[in-house]
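Shown below, as structure tokens, is a lone chain in the form predicted alone; questions about how it binds or moves come after it.
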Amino acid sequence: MNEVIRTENLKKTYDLGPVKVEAVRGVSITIKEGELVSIMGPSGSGKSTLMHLLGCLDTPTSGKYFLDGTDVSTLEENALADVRNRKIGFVFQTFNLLPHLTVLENVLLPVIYNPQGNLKKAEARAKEMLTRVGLGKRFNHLPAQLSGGERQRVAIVRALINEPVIVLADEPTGNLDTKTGLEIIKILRSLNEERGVTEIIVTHDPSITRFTHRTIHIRDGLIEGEEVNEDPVEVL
């Protein structure tokens, strides 16, 4: 399998006046095409900072980050924004849906900001994917009219609409009850298995790791170790 992500001694230090905070202190990881990986660590471990770096939402203080074969660690903000829109899909704990837009409009937002996007084709794809995740009758609903689980499904479809290289899910079940959270993991898992979508789930919940191929443990800004799961648990 081809490498989708490779980092080399990635570091991120925040300069807070007299204090310097080393949030990521030299992370080297590789993630291959089609992998479903969880990055796990307690609060303050650096996992959110690492996710921001992998998602091109921030730039490293030092080190290298290769995304789909391209070194993106030194790109300027405009170039990073282009990479984010074309190659990365995001699923956030807080959903990040725009309240005044319908379900369909929220899903199509990344296409509108993609210079290479084809809105007509994307709309057909959006309706097909929304129907697949049980939202075929919700195209014109506003986020406030949806349950938390339904809003997270919208966020997943939005993350996939530009057919990204990777999908980054930041605590995607954090605001959901256990049953709904498992439904979201089942959707992410099926997309990985059936479409070969490379996915990274950032979590502090050890129960999530049962469903992924590999778990990378981070603590104090460093990789503490990793586990390969040869037989991930099926989501019932």
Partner chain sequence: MKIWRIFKMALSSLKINKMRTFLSTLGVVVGVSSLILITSVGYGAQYSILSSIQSLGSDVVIVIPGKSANLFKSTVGSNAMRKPLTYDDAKFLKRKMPYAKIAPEISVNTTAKYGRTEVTTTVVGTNADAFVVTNYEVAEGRILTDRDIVGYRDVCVLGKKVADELFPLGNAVGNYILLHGNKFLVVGTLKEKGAIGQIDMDDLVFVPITTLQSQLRTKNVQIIYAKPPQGMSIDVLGARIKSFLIARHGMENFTLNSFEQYLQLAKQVTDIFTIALAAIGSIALLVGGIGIMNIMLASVAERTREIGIRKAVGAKNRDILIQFLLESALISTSGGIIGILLGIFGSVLVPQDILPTHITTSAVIIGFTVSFLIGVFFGVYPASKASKLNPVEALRYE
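Since the structure is predicted, the reported quantities are computational estimates derived from the model, not experimental observations. Positions refer to the first chain, counted from 1.
One more form of this protein exists, namely the form predicted together with its partner chain; it is left out here, but the text below deals with it.
J.: Which residue among 151, 84, 125, 138 has a heavy atom within 4.5 angstroms of its partner chain in the predicted bound form?
T.: It is 84.
J.: Counting non-hydrogen atoms within 4.5 angstroms of its partner chain in the predicted bound form, say which of 131, 74, 145, 94 makes the cut.
T.: Going through each option in turn, the one that passes is 94.
J.: Answer yes if any heavy atom of residue 121 is within 4.5 Å of a heavy atom of its partner chain in the predicted bound form; otherwise answer no.
T.: Residue 121: no, not in contact with its partner chain in the predicted bound form.
J.: Answer for residue 35 alone: is it within 4.5 Å of its partner chain in the predicted bound form, judged on heavy atom distances?
T.: It does not: once its partner chain is placed as it appears in the predicted bound form, residue 35 has no heavy atom within 4.5 Å of it.
J.: Residue 68 versus its partner chain, in the predicted bound form: is there a non-hydrogen atom within 4.5 Å?
T.: It does not: once its partner chain is placed as it appears in the predicted bound form, residue 68 has no heavy atom within 4.5 Å of it.
J.: Contact with its partner chain in the predicted bound form for residue 52, defined as at least one heavy atom pair within 4.5 Å: yes or no?
T.: Residue 52 belongs to the contact set for its partner chain.
J.: Heavy atoms, 4.5 Å, its partner chain in the predicted bound form: which of 56 to 64, 22 to 30, 165 to 173, 186 to 194 makes the cut? Say which one.
T.: Among the candidates, contact is made by 56 to 64.
J.: Determine the residues of 91 to 114 with a heavy atom within 4.5 Å of its partner chain in the predicted bound form and present them in sequence order; the list may be empty.
T.: Sequence-ordered list: 92, 94, 96, 97, 98, 100, 109, 110, 112, 113.
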